[in-house]
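Below you'll find only one chain, the form predicted alone, shown as structure tokens.
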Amino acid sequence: MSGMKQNPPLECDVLVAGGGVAGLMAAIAAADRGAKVIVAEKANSKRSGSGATGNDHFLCYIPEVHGEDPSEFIQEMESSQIGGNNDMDLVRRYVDECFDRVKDWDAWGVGMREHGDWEFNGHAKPGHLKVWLKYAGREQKPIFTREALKRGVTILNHHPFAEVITGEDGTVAGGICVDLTEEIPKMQVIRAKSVVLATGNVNRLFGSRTMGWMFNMAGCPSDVCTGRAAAYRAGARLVNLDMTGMGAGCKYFNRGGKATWIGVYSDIEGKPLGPFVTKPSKEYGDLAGDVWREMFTLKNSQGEPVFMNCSEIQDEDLDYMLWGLTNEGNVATMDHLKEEGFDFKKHMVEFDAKDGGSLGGGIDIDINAGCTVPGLYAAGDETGNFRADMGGAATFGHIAGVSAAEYSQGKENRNAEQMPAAAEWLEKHSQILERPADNSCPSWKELNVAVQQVMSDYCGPYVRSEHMMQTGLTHLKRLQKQVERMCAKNSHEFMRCIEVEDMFLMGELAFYSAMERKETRGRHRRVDYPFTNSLLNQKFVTIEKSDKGPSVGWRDKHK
């Protein structure tokens, strides 16, 4: 097969990488400010990203509900499952603007007040302020797509983003996407004055809990780390890659929604395992799965399975739970339980950690969603120093779009397709199509499984040590040489190949970051450094590209 062909370059003010919630919110905000916007989406923006099939919780501060002083809200937010690695200046900006995004969604037709008024349930401690707004988000992605198109945004579906192009002055000049609309992929260069990275979380870097089914992931399995890898190669700083995350859900069904379940975490005899609730509570859920992540591994090591016990749930609360799980995208799970004759009043559902872990960090941004490369912005799960899940994607997506549009004003597009980065990318990746698609070259699947195995075994969320990570990094670098020999015979395989390329890079950066943090903190557990060093309480591990390779450092957490 001959090398990759190129499409004629396209041109815009703001290029948005990723058509998930953060990406579409950025596109809408930029278009509202007069920018010409192109969204490059790997799948189809109507059902893509981790919010593809819905969501039912939005972290939100509403003064009429929480009071005029947001300090208690912020305290509750930072002690929740999304707290700990947030810069506080970003938290304050989020609190200032998140309700505006809720009102936008409400006006566009997302069910933000499905039961009459702002309703806060789930992810809550008894007696504490409730901070998670309950909403009906099943149709959110088609709605956001409609709103973007109404504003003249161009959405290029089946065009995964691959690379940021910068000029000699180090500022953004555009990006490279891959046109997958035909059997053989084509390179698509887009001239842009600014780029917003919103390609989502780092899924598929660690193995699934259902071995052999690598796409059985809690989040979107096509969110693999493209934006982070592209940002790093462009010179942007990444942060908190030493941290990992892990959720919980029905065993073998890697889906979100643990706070949507109205039940109690229990042992096989129905005895509650956590301190928060003893009977199903629509108002609180059971917070044990949020704050006691070790519950599943600890109980399993003791030979004890963990169950979600809904047997004492009231009928009206059962209907409410099923409504919530549908909006959270758990339709397949509910259908399976129904087919198996499951009765929530009689049977308990076995719960477990959802997957082998995910990378907790990402791109370092400022309060305007700007990266350390001029003209480059990031939002949503892409970022490493702020997390608020769906609300974070909405709010900082909007902020990134506004910032990118303002940055682009008065600037001229440059011929990004003629810059060295474009030629280098084309030459390197044409070889994937030119190599023989036979047993002489490794497939993307082999290397995807290989990187998952190494990351899970040597840099996973359970046990880390200097010697383990040194050994794992050696394995990773040895296997990384095989990435240079990958082959693909069509657009789909080519897309997976460039994903694998980015996963190996991100795995390498995670190893270096984790080795730098010589303490135990959260999901970062060093058996050779089992204590938490209080001197590092307000410190983030950073990593960025240098002439000598990855350069690891530290920065203070913003106050």
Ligand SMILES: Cc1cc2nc3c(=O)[nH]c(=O)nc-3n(C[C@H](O)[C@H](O)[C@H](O)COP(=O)(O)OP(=O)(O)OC[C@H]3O[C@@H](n4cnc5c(N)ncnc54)[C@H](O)[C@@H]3O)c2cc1C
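Note that residue numbering begins at 1 and tracks the sequence as displayed. Computed from a predicted model, the values in this text were never measured in an experiment.
The form predicted in complex with the ligand exists for this protein as well; it is not shown, and the discussion that follows is about that form.
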In the predicted complex, do K193, G362 and T542 all put a heavy atom within 4.5 Å of the ligand? no
With a 4.5 Å heavy atom cut-off to the ligand in the predicted complex, the contacting stretch among 309-317, 418-426, 377-385, 263-271 is 377-385
Test of understanding: in the predicted complex, would E147 fall inside 4.5 Å of the ligand by heavy atoms? no
Heavy atom of H524 within 4.5 Å of the ligand in the predicted complex: no
Using the partner position in the predicted complex, report whether L241 sits within 4.5 Å of the ligand, counting heavy atoms only. no
With the partner left out here, check for me: in the predicted complex, does some heavy atom of T395 sit within 4.5 Å of the ligand? no
Just one of G289, G460, G472, G256 has a heavy atom within 4.5 angstroms of the ligand in the predicted complex, so which one? G256
Which of R464, H159, R237, R101 has a heavy atom within 4.5 Å of the ligand in the predicted complex? H159
Where, within 37-53, is there a heavy atom within 4.5 Å of the ligand in the predicted complex? Residue list please. A40, E41, K42, A43, S48, G49, S50, G51
